[in-house]
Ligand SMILES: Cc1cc2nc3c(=O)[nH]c(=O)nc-3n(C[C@H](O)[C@H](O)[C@H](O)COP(=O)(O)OP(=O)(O)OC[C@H]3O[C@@H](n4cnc5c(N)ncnc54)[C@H](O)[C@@H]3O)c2cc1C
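Presented as C-alpha cells, the chain that follows is alone, the form predicted on its own.
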C-alpha cells in the first residue's frame, strides 16, 4: 500500500531584497515556509553598492540571534564603546558608555558597513535555500483570495503563494496598494557622508562623536585605527551639496573635524535625501503584510531603520512559531499588532531628534546644548535603552 501524499509546505513571496526582505525570508524559512525573495534590481551587487557604515545596537544583534544570523553579522562589525556629544568649539557635552549597555542587554553595539550586513544576511539565507533570491523582478501589485495570493511582476509571470511580505522599501508598491500612495515627509536638511583614512586615529577605535553646530550636525565614527566614517547634516544648503561645500561649513570647528573632511577622498562621498512617512495604524490585510521601511520608514537619526526591519523579521518568526501556519492571516495580524507600538514610537522619536539636531537659531542652539549637557545621562540612556528593549 502506498503512503498518502504529503501536503506541501506553505509558500511565501517576499518583495524586496534589502535587509528587511532577506531577514523576512530567513524568518519564514526557519518556520518551514518556502520563501522566495523577488528584487527589482538586476543583481544583488546593486544593493551592496550602497555606501556607508551604520550603528547597530543590541536590539539588532538580538534580532539576528533569533534569525540565526548573529555570528555572521557580529563577525563583520566593530564593537562600539562610547557615544559622545560635543560642541563645534570642542567642549564635550556628554559621554555615554555602550559597554554598560552590552552588559545590561547581553549583546554588543557594533559599527558595520551596509554591504557587510547585507552580505551576512544573504549568506544566511543562501545556506537555507541557495535559490531563494530572484533579481530583475519588479512587483507591481497583488491579488488575493481565500486560498492564496498572486504577486504581479512587470514583464514576468505571476507568482502564486500562500502569503506575501512587502519589504520593498520607502516607495513600496505593496503598501501603496493597501494604503494608497501617501505622502513622503522630507527633512529640512541636506545630508552627505564620507570616509577618511588618517595616519593616526582621531579618537579611540569604537568611539562616535556628534558635533552640534548652528544648523549643522557632524558625526565622526572611528572604525579602525586609520579609518573614520563621517556624516554631515545641514539646513545651510538648499540642495544636495559636495565635499568642498561640506568642508566649508565646518571651518574653524574643533580638531579633528577639519582634518577629517580635508583628507576625505571625493570618491568616498555620497549625498542622500532623507524621508520618512507618518505611522500607519495597520499594516496588512488578509495574507499580505508589510515589513521594514514599507511599514514604518523612519529617519536615521537614532540609527534604528535597519534594526527595526530585523526586529520585524524576528517577531514575524516568533509570531508564526506561536500561532502556526494553519491560519496565516491571523498569524500576520498578531505579528503586526506586536510591532505597531514599538515602530510607531521610533518613527516619532527619530523625527523629533532630526528636528533638534538641525536647530539654527542661536537661542535654540544654546538651549539645546544645555539640555544635551544637563540631560545627557537621562536622555541618551532612555533613548538607547528603549532601542535595546526586548521586542
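Positions refer to the first chain, counted from 1. The shown structure was predicted, so the numbers you read here are calculated from the model rather than taken from an experiment.
The same protein also has a form predicted together with the ligand, omitted here; what follows describes it.
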Counting only non-hydrogen atoms, choose the one of 315-323, 289-297, 93-101, 194-202 that falls within 4.5 Å of the ligand in the predicted complex. 289-297
Heavy atom within 4.5 Å of the ligand in the predicted complex - the one residue of 125, 137, 228, 232 that qualifies: 137
Pick from 170, 278, 79, 156: which residue has any heavy atom within 4.5 angstroms of the ligand in the predicted complex? 170
Might residue 39 be said to contact the ligand in the predicted complex, defining contact as any heavy atom within 4.5 Å? yes
Verify the contact flag for residue 55: yes if a non-hydrogen atom of it lies within 4.5 Å of a non-hydrogen atom of the ligand in the predicted complex, no if not. yes
Contact between residue 303 and the ligand in the predicted complex at 4.5 Å, heavy atoms? yes
Taking heavy atoms and a 4.5 Å cut-off, does residue 13 contact the ligand in the predicted complex? no
Though the partner is not shown here, which residues of 14-47 have a heavy atom within 4.5 Å of the ligand in the predicted complex? 15, 16, 17, 18, 19, 20, 21, 38, 39, 40, 47
